[in-house]
Ligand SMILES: Cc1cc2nc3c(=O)[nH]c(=O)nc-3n(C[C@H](O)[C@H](O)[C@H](O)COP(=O)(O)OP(=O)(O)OC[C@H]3O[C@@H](n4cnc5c(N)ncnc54)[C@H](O)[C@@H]3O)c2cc1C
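Here you get one chain, nothing else, as structure tokens; it is the form predicted alone.
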Amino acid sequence: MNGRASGPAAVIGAGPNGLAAAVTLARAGVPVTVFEAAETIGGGTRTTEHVMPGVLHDVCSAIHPMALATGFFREFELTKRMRFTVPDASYANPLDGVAGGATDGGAGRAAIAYRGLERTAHELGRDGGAYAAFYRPLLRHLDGVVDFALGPTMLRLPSDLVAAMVMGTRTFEQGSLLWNRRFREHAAPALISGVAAHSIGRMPNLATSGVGVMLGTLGHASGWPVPIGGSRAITDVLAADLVAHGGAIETDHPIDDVRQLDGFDVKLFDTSARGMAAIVGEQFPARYRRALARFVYGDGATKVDFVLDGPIPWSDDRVAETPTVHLGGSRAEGAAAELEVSRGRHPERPYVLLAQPTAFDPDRNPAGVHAVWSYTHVPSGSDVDVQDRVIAQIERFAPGFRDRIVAVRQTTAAEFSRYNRNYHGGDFSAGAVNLRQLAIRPTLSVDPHRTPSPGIYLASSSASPGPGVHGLPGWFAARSALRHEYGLPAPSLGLGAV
């Protein structure tokens, strides 16, 4: 330990990672204040009436695969503090054709990922056995897989070597030219690559594959839950716990210079890596500043949200049973679209990620109103209008969708970067998800959340284990600060803890 700080801590940014860090510090008895530049807290978990008055849409994240399975939220007992709906079906990938015309998972019948692996395999027909064989060992070693993929650093011995080996071999298979080796039809591989595309990047590649393997495994384990009341419900319970343990939150309070925080012994940044560097400036050693400058950002997202006067008229009715829909067509089509984005182009048939929460949280909005959330990938900083392309891609699998639109709002990647300082060019991951930056996030270190400057920590998804609503970078950063700055152990986070 290099010190015994006794003064207060500041957290810059009130997204889920910043709030996770603040809750952990406050639970340990550290006075903590959270500074948020925006007028409302939440970061990637805001829910507002940004399309139509009286209708709630999630501004960024909407469905939360990691909320039920990862370490921080499990210790925090999130499911005892708020309600989720966990549908039997986690996600769907529609394919072309007329619904009901095929029985083998081929054209015209959407691929559905149920929590039940065997049910999923049964509906995939001839590829069902191969699909089940892919996921069974991952589910058998679920805790080890989660620990390996979502730990504080990749530079550590896995807690479950078998889990690490299974995760590694599956990731290599689906991240290489071997990715179609075990499959003969279109549905099963489309189901896997539709999830991998969440990370934004060329396919096949190891980084997108690793993300897809992790999220797909959770889809067949704890499921992909819908938060009742919207994503802001997660923010609300974190903020309530922080305040209950003596913490404070100041909104509309941007921090542009670290000298604004001279009254705080410890500072934790729920900002992008470069955002932290800009605020801290020369208080960082030159070598560390250069390392942060090498940290790269990925392509962006343009969001297109809708209000409909009825449910989406999917060609395959089963798609309505899933909260999340991947609209990219076949694996080859999805890969081609992502390749176009990586080359700085806007594909005519883009990959579209769509969430339809109304059926799973019917009281969120007025009766008869269906709020639909969607985004598509675009080159970094894009301000191109892709609304018609997104509508056409939905209409492709849901004829009549266009006729049900009551209101629509597009938020371009360029607008996203203005909305949130961390979203460089519309990159909501606060740093590209590539192979190098899975292991070195943001620098090569056994404690990547701790910077070389005393009392300064990175608590955002620019640090390991990366993006997702899981609170883990904030939790890891706070535990490191407690150990190194205050000489305190990590506190208990559950409802029964004092």
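Computed from a prediction, not measured in an experiment: that's the story for all the values here. The first residue of the shown sequence is 1; numbering continues from there.
Although not depicted, the form predicted together with the ligand is the subject of the following passage.
Only one of 431-439, 444-452, 60-68, 22-30 places residue heavy atoms within 4.5 angstroms of the ligand in the model of the complex, namely 60-68.
Put simply, of F76, F397, Y131, F416 only one has a heavy atom within 4.5 Å of the ligand in the model of the complex, and it is F416. Checked against the ligand in the model of the complex, the residues R294, R409, H253, R126 give one hit for a heavy atom within 4.5 Å, which is H253.
Among heavy atoms of G42, some come within 4.5 Å of the ligand in the model of the complex. At a distance threshold of 4.5 angstroms between non-hydrogen atoms, N422 is in contact with the ligand in the model of the complex. In the model of the complex, no heavy atom of F306 sits within 4.5 Å of the ligand. Contact annotation: I12 falls within 4.5 Å of the ligand in the model of the complex, judged by heavy atom distances. Although the ligand is not shown here, in the model of the complex the stretch 449-469 places heavy atoms of S460, S461, P467, G468, V469 within 4.5 Å of it, in sequence order.
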